[in-house]
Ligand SMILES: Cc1cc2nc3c(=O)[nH]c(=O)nc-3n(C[C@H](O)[C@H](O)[C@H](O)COP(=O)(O)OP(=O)(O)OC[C@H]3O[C@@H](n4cnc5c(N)ncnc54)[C@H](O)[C@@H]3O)c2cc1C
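Below you'll find only one chain, the form predicted on its own, shown as structure tokens.
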């Protein structure tokens, strides 16, 4: 557990070691964007970063930003989109009640893309048109969500919005993106103190957050924030106590994404001053069955031998749905024509089977269940419509012996995951109490806040980086103007 104390009364602070208008805690994508925007707005900024360098978990990511509404990359690749269409899709796929934030996210998307490019974040004007989790082949745009999945494809015109940062050989897109953003931090001389562990917030008599307590080189000191403090300290993915409480299945079997500083320090700091929390059980997990994309033409069944979802769904949606099946168990059934090994999921290949009866016995599913499931599916394929789950016709194929099966159960595969819950903020990044009132002087952005997607079935790859950058900027700008 991270060391978090306080809050500390401002009246007890006898000396401020340093003073700034805006103090930003953390230098991942959200913190860096907050710091840049606050300084560009004329504020005196100071960033406190626990690690010895900036980047955070953002630099470890694949570098996808979920942006749309008609970005230059979308237009150059021949795709039409608008903020209204982007909102229509996200409104249909998410259950968030933070509609104002959802609208800001969509309406800010094009400008955010331009802003990132202005910092030197590279996006090639080329689209990847196949199914992939990410690319390292140079394409700057791919579909990373459920836009083409029923019923969402009927509720908004599908458009790819996964803006993939162009990788640099074996270097991930996230690393490339953060190089550019941190380059701007350095070029614009934003002050940063590294290896600075913020262990508490300072409040005045009226409850306003007016500074932080910092521990560095074994010594404690206080840093004053005249206008505001921005929490951008990352997720709680690697905090075993919090994850075991809120997401026991994946805490036991999954592999959390992140780095050691993703220990929930930002969340715990917010708790000390009464910031509300939301969606703490929410997460997005991935152990995709694709690529190769032909595997989508197979079927996924549960321990009862029944299909339970369309196989062309986003991989996070599939993981979310598998987790809710009996025993969190599921199997991918393919045939000889489309056989291949999933590239990303480390799924266990069980065996090949000459008959459905043999396959039923090996999987210990109810007798006759797979016969019924395959008969119905193949009849739908022949009719050209998946009447049960509406898998897109592009992925329909009759399955016939010999069959092959992969165990894609949660306890049997390497599902990597990240949390989606956290501190509650408004569209300007202001931290909120449970009653909706603001915590004066405190802002939060990035992975320590709750996401617009409440769970993996609502998520699209790139929503975290995009939201962190958009709402990080808004938090920095609002704090500078307060």
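Numbering follows the first chain given and starts at 1. Nothing here was measured: the structure is a model prediction, and the numbers come from that model.
The following text describes the form predicted in complex with the named molecule, which does not appear among the structures shown.
Engineer: Verify the flagged residues 98, 318 and 455 against the named molecule in the predicted bound form: is each one within 4.5 Å by a non-hydrogen atom?
Structural biologist: Result no, not one residue of the spot touches the named molecule.
Engineer: From the candidate stretches 421-429, 434-442, 36-44, 49-57, select the single one in contact with the named molecule in the predicted bound form, where contact means a heavy atom within 4.5 Å.
Structural biologist: Stretch 49-57 is the one.
Engineer: Out of 85, 197, 409, 135, which one falls within 4.5 Å of the named molecule in the predicted bound form, going by heavy atoms?
Structural biologist: Answer to the contact question: 197.
Engineer: Which of 177, 230, 283, 233 has a heavy atom within 4.5 Å of the named molecule in the predicted bound form?
Structural biologist: None of the others qualify; the residue that does is 233.
Engineer: Indicate whether the named molecule has at least one heavy atom within 4.5 Å of a heavy atom of residue 465 in the predicted bound form.
Structural biologist: So residue 465 counts as contacting the named molecule.
Engineer: Any chance residue 299 has a heavy atom within 4.5 Å of the named molecule in the predicted bound form?
Structural biologist: No.
Engineer: If we define contact as a non-hydrogen atom of the residue within 4.5 angstroms of the partner, is residue 459 a contact of the named molecule in the predicted bound form?
Structural biologist: Contact with the named molecule, yes.
Engineer: Taking the named molecule as it sits in the predicted bound form, is residue 265 near enough to touch it, meaning that at least one heavy atom pair lies within 4.5 angstroms?
Structural biologist: Because a heavy atom of residue 265 falls inside 4.5 Å of the named molecule in the predicted bound form, the answer is yes.
Engineer: Given a 4.5 Å distance limit between heavy atoms, list every residue of 11-40 close to the named molecule in the predicted bound form, or none if there are none.
Structural biologist: Heavy-atom contacts to the named molecule in the predicted bound form: 25, 26, 27, 28, 29, 30, 31.
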